[in-house]
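A single chain comes next, written as structure tokens; it is the form predicted on its own.
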Amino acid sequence: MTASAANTHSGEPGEEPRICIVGAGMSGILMAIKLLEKGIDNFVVYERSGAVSGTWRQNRYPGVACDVASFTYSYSFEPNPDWTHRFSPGPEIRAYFEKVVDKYGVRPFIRFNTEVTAARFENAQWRVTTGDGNEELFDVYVAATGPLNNLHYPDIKGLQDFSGACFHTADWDDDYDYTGKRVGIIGTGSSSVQSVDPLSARAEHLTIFQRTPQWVINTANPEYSPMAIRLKHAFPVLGRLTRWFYSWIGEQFGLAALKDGFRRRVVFKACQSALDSVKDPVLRKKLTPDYLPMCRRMIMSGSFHEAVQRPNVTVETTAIECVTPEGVRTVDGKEHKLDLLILATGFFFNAQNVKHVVGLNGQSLADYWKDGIKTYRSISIPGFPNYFMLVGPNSPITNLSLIEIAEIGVNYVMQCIDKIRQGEITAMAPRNDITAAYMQNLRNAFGETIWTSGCSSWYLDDDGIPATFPGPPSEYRHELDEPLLQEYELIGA
């Protein structure tokens, strides 16, 4: 089909650039709201599914919840005094985003069930192709797909032969009743840990197939009383104070990962205390990691250590040989008969899913990153003009609420869009030399952090360098306070 050139931007002051937002999750919704607040309605939000809220639409497994306190996992301009728990359950978070989308009038701008299959920068614009073959031109491309949304399925022999029910935690079968069933779950990350309590409460037996034990810190999740909710309605400052408190706690936790000291010792002690609550020494040994806490992303749970000690729960550490029609066979020859096999095997890091993005000189983003992920301040990339990432690689995903990261990023992108609207520039991409120096400084800064103390993780590259930010959140906020145009290659300046 012929690309639509309607409403494209010529660089004249006051003319509105056309903006493409990919993803109607938390960050895509935020970007749309901020555009509308500026009076900009010349944009499209592409969403490959039929609903908003991203990860909270996709993840519906039993026990799904946020590991960030509710009052910090909400937009700063849209507080929610009705949160029912300190860490809200997934359905409640999804309802929050659905409500926000309608309150701010975002829904009419979303094209549901429309996946972007190609994006190519040519003639100073982005040519975006969708799965139905349609092509449209945009001046700005905002990738709001988040760090994790492409399901990772394990490569296990015989997986397709299993005769029972089998699904990924992020593709949950809402109609399947696991009550009284023999359930197996592969993986021990956050989704698995959150699932153990509700699964074991109803299943006849739950077998956890563990390859790597995880540090799980005990985090109580009290319910807010009706009186507390009414007070936050009557006195909004209470909600703001609650948000500030948990943001401060998050900052301290982030500092613990960055350098040794009393904060790190407090976290280590809390992790060990949670593990010590497991009474059986054999089980406790199985659950004891051989790496330091926080080297991998920390897992929060107020119920895991109690639930894993139930008599109908088994932690199996023998490696899996194959999946059979009846269950899972481990390398010791034992067959674990199952009715339901759950794959809690996580996601591909989104840096691995960018082949469809092509910048200057026909270079794909996948090729640009083949020797390692390189970004300028987590938000833009040399050779890819007017391409912006929200919650991109090298953002502080391990020590700051993703909503706060998105708000910082959207504020930065909006400033860049303003410069295009004002006719100062047509397009901008960070300089290669500046980006190379920035990335080298990042790599050098990881030396004393906990992330390089010796472990494997989904966000570590082949050299063991994490795609996160090796500084406190306050430093990241400062870095993205405003665009430094001298660090960009500018078109039409």
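Throughout, we count residues from 1 along the sequence that is shown. A quick note: this is a predicted structure, and the numbers were derived from the prediction, not measured.
From this point on, the text means the form predicted in complex with a small molecule, which you will not see here.
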| query | finding |
| --- | --- |
| In the predicted bound form, the one of 130, 72, 219, 214 near the small molecule [non-hydrogen atom within 4.5 angstroms] | 214 |
| Option touching the small molecule, based on a heavy atom within 4.5 Å in the predicted bound form, out of 250, 383, 346, 81 | 346 |
| Touches the small molecule in the predicted bound form: residue 65 (any heavy atom, 4.5 Å) | yes |
| Residue contact check: residue 181 to the small molecule in the predicted bound form, 4.5 Å heavy atom | no |
| Residue contact check: residue 190 to the small molecule in the predicted bound form, 4.5 Å heavy atom | yes |
| Residue 378: touches the small molecule in the predicted bound form, heavy atom cutoff 4.5 angstroms | no |
| Whether 61, 148 and 154 all lie within 4.5 angstroms of the small molecule in the predicted bound form by heavy atom | yes |
| Answer range among 120-128, 205-213, 225-233, 242-250 for contact with the small molecule, defined in the predicted bound form as heavy atoms within 4.5 Å | 205-213 |
